[in-house]
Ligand SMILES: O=C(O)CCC(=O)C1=CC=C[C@@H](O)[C@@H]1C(=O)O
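Next up is one chain by itself, shown in structure tokens, the form predicted alone.
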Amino acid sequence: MAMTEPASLPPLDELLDDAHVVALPMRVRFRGVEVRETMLLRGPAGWGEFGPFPEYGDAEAAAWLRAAVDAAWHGFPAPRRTRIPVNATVPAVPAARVPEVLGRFGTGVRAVKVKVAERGQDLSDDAARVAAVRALLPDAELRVDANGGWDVPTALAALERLGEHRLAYAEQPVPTVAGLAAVREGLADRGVPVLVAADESVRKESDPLAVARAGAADLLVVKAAPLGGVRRALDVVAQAGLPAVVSSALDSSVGIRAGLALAAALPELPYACGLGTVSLMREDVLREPLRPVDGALELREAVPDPGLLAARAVPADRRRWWLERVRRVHAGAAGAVPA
């Protein structure tokens, strides 16, 4: 089955006719971010979010623009479910801050993703953080996310130790597809019952199906924005033939709505999704942000409040930066795909 071809982009002036760039302060530092900047676009079908991180190049950012257009100009596929279970997310904070962070996700948390392999920290920091989560939530499903921060020997040693806290899976323990395969084989050889999930090896590779073909992962972590939108992400999951966890890209509620659409449309949803990350933000663009209640998010629309868009607007120089970025990305993406 061939991958769905992306639709052509609307003209630039139409794209930017109702565009808003906002800055959303974080409650805790997350993947190096303390204030999340992102652009929100309104189209004929609703709202979309264009929020590639500043360090991403224009070629990589093109998928994020297509995802925003997919949402705002074409809407979402029909849902199979309206309630999406979500995990709490614990950044690489000291173990003493774990109760505070988990408290932001409310009651009913049944799954937690813990960030590990943070630069400047070591395995003892990771072990203390995971142990603190397990002590607070003895029955929760735990998973760790290394963002490719380990090499194979370090990953095996770390997961053997962290696995003592009953981990369900490790997300992107090493950077490469070959490395994931080696970790998966090494864990099996050591009798460590931790599954391997691929994230960056799906969303940042030119071939998102390489992981599945190589037998390098037990499940996929999929994000609508970096894969080019909900429909293309559904294609990736269908062709990979592996269980999928839908996660966010540190989105506002507008981007989370696209993630919910993806999770709602999947044929099966065996794991809680990483779509509760608005809880890590102090501010949002909705009066009632998409934050989990009793461990889940209900499928509902995400329409930004005009007053909040104005209040969270970035300074003029940052708006110019984002507008110029969109112009470059649009020109490159439009030239790459025939209309």
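Here the structure is a predicted model, which means the values were calculated and not measured. The first residue of the sequence shown is number 1, and the count goes up from there.
This protein has a second form, the form predicted in complex with the named molecule, left out of what is shown; the following refers to that one.
For this chain, the superposed copy of the named molecule, brought over from its placement in the predicted bound form, stays clear of the backbone and C-beta atoms by more than 2.4 Å at every atom, so the pocket is open.
Remark: of stretches 39 to 47, 273 to 281, 291 to 299, 308 to 316, the one touching the named molecule in the predicted bound form is 273 to 281 (heavy atom within 4.5 Å).
Using a 4.5 Å cutoff between non-hydrogen atoms, E171 counts as a contact of the named molecule in the predicted bound form. In the predicted bound form, the named molecule sits within 4.5 Å of a heavy atom of D145.
For E200, a non-hydrogen atom is located within 4.5 Å of the named molecule in the predicted bound form, even though that partner is not displayed. Contact annotation: L250 falls within 4.5 Å of the named molecule in the predicted bound form, judged by heavy atom distances.
Residue-level contacts in the predicted bound form: of K115, R184, R232, R134, one residue has a heavy atom within 4.5 Å of the named molecule, and it is K115. For the partner-free chain shown, just K223 of 220 to 238 comes within 4.5 angstroms of the named molecule in the predicted bound form, judged by any non-hydrogen atom.
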